[in-house]
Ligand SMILES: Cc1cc2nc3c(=O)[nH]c(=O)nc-3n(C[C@H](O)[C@H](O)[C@H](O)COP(=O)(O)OP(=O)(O)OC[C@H]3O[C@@H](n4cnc5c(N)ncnc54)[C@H](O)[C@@H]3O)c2cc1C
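In the form predicted on its own, a lone chain appears below as structure tokens.
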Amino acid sequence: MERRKLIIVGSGIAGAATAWSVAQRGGQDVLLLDGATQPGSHSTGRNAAILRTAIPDAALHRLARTSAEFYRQPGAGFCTMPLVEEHGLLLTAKAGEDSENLERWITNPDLACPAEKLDFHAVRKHHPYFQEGEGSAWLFANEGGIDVHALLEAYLHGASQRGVEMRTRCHVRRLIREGDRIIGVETAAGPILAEQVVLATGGWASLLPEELQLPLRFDARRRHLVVTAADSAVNPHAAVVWNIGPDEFYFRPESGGLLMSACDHVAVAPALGEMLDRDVLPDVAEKALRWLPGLADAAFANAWAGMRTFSEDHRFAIGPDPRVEGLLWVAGLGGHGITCSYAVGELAADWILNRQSAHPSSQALHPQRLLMNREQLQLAQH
């Protein structure tokens, strides 16, 4: 029977970053498994490719800042091309309560990023189609786009160079439990035993543990993205614009047009997370006309759906399962997986190799808190 020290299930950005970080620190005998034909073919490959470190949760913000620093200067040999396109990121909000909330968030010392405060009129210098009106904008000049494909390939290549074996088309059917330990996985090709198993399976994260009555709740949420037809008025180097608040909407240059999302957030079964719902497209068009009235005659050239997965408190779950030995989680990255992947992998590697982590966000993201939250809720209900 095949035996390994570590099995990582899922070769999207979370699993790839974890495998790379473990291998980078000298971890041996690592097997990376994925049921898909290509690594990163689900949420990772359907991402909007936006680098945005301004996240209103201090624990996640720290991971984002650390990761962005690495992406800008990853070190010799990690990647042959720049990972970050520093065209700028503009966070915007309408005048009034939305704008005041954004300013409180941006100027919070625990969340502070280098940013310049502007107004809506300044946004039109980047995007002449942007609406007239009153509101605030904060420019993060050294953020913007990220090359998701290059980042994923760099993690996978670096892990492979250091001995990590990857198998695609290898569907994990179940976890193997022996007493109070997870001792491996059952695949279509047979069982593989391991000292530790990491679940980095995105929207499917909760399915395997549920069979062993070890659930952690994660919700898969579908979001649509569209790209407009090419337009000579669109500056391919213009900043990303992300409006914050109830009327959330973002867009950035892509393929000569604009990639945009109305930020829909519909709970779905994981199997449906990437299914295009054409009934949503009119909502995207309506928001686009509101924020970009100059695009009234633009047509959609492409559209797709991607899946984001959230824990109950919308924080990541990184670390060991407190109920059984040998099971670890890297899950619930909620749309921030690309931005935070480097630090996520480092934090996961702490737990895998050292059985502990001194990272300032480690306890805030430990899976234990999700079980405690549930227990507290049950007590309150009684």
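Not measured: the values here are computed from a predicted model. When you see a residue number, it is the position in the sequence shown, counting from 1.
Same protein, other form: the form predicted together with the ligand, not shown, and the subject of what follows.
Engineer: Even though the ligand is not shown here, does N47 get within 4.5 Å of it in the predicted complex, heavy atoms only?
Structural biologist: So N47 counts as contacting the ligand.
Engineer: Decide whether L353 counts as a contact residue for the ligand in the predicted complex under a heavy atom distance cut-off of 4.5 Å.
Structural biologist: No, L353 sits far enough from the ligand in the predicted complex that none of its heavy atoms falls within 4.5 Å.
Engineer: Any of the heavy atoms of S11 lying within 4.5 Å of the ligand in the predicted complex?
Structural biologist: Result yes; S11 sits at the interface with the ligand in the predicted complex.
Engineer: Using a 4.5 angstroms cut-off on non-hydrogen atoms, would T201 count as touching the ligand in the predicted complex?
Structural biologist: Heavy-atom contact with the ligand at 4.5 Å: present for T201.
Engineer: May I ask you to choose, among F140, Y250, F130, F218, the residue with a heavy atom within 4.5 Å of the ligand in the predicted complex?
Structural biologist: For this set of options, the contacting one is Y250.
Engineer: So which of A317, L33, V30, L63 gets a non-hydrogen atom within 4.5 Å of the ligand in the predicted complex?
Structural biologist: Selected option: L33.
Engineer: Would the ligand in the predicted complex be within 4.5 angstroms of a non-hydrogen atom of every residue among R3, P209 and L327?
Structural biologist: No: no residue has a heavy atom within 4.5 Å of the partner.
Engineer: Hey, of 106 to 114, 130 to 138, 222 to 230, 295 to 303, which bit sits against the ligand in the predicted complex at 4.5 Å between non-hydrogen atoms?
Structural biologist: That would be stretch 222 to 230.
Engineer: Heavy atom within 4.5 Å of the ligand in the predicted complex: which residues of 303 to 338 qualify?
Structural biologist: The stretch touches the partner through G306, M307, R308, L333, G334, G335, H336, G337, I338.
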